[in-house]
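Same chain, two versions here, written out as structure tokens and called structure 1 and structure 2.
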Structure 1
């Protein structure tokens, strides 16, 4: 019954905030008009209130009602009654720390298992996986656990950047970092380039959007992913 929509990013170059995502959200939510927004990932520079207003702009223009979990007297009750949820991007460590502190991990898992649509971008997509071990963020705070929602039985790496053969940078590439992750962790990693997304529903996992991504499996060479590619077998792992 899981219904999950994971965006690599909220904004792609040359477009406005969430602009490229709106057609996918409209198709995914079909008939649902309310979204519970989780703004916890922003570590500074923008308040939860301002972040919610940023998200509310394009959503209300498209006809959705937006509630912020930040405004709820009882955040767990807000999850329990939500028609759908969108977890925004920012710093994954900050986000997961707040989710654990609010006791929200299990309530979200239960609602998604029961069919509530879950959407996320960037950090919000990262925490849909098994752990935050493939985030690109600095650990500016320490969550009580790296365990995330586990809505899908693999990890997500958003904002995936391909190695640049012309670069003189001598540091590790993103692909190298994911290989290092697999030295200690067996789960697959779905790396999504900006503009790509993963849609999970009816037992299917489909890559959508522009630019695709790469699938990393422990001990194997990565596989290129393109729009419409199916990853259904990963849901059984």
Structure 2
């Protein structure tokens, strides 16, 4: 029943906000015309209102109606009646804190389990996983729990970047960070490069878009992911 579309990033270099993503959204949503937008992640600290307007631009141009959860008198009721949800990127700690504070974790889980399409980019993709434990963001606020929606039984690392062999920087590479994650957590990590996305429906999980990613399993060497690769078996754990 689950229908989930997770983008590594809202924007790829040299294109407009969500521009590259629109064909995937159009194909995924098919007949659905309304999207409930969750602006809580506030990229760059912008207001919920400005963020919603940013999202509304390309969506309305493509014929979708956008409601903001921020404008709803009852956000849980807005989730309960949404035709589809899109959780925008920004800071994952800010996003997850707001989701917990609003009591929205369970309502979204229930709707997605019942077939409501869930879409997210960046932080909005990260929180579709089991926990925020593989976010790249700065912990600028403290959520009551790191537990996330768990719409898929693994973790997502958005904006994945490969180690740079020419770097003189001594901070950890992304691959090292995910290896450290696996010293404390058992679940697989699907790392998506910018331009890549993961589409889940009909019990299938498919990598789409450009540039692919990497699959990190605890205790194993990571494996390369390319567009059209299937990760169906990960859905069963």
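Residues that one form lacks are left out of the comparison. Numbering follows the first chain given and starts at 1. Computed from a predicted model, the values in this text were never measured in an experiment. C-alpha atoms forming the largest set that superposes within 1.5 Å between two forms make up the rigid core.
Student: Compare the two displayed forms of this chain and pick out the form predicted alone.
Tutor: Looking at both, the form predicted alone is number 1.
Student: What moves between structures 1 and 2 once the core is lined up, counting runs of 3 or more consecutive residues with C-alpha shifts of 2 angstroms or more?
Tutor: Run 43 to 45 stands out as the only one displaced between structures 1 and 2 - at least 3 residues long.
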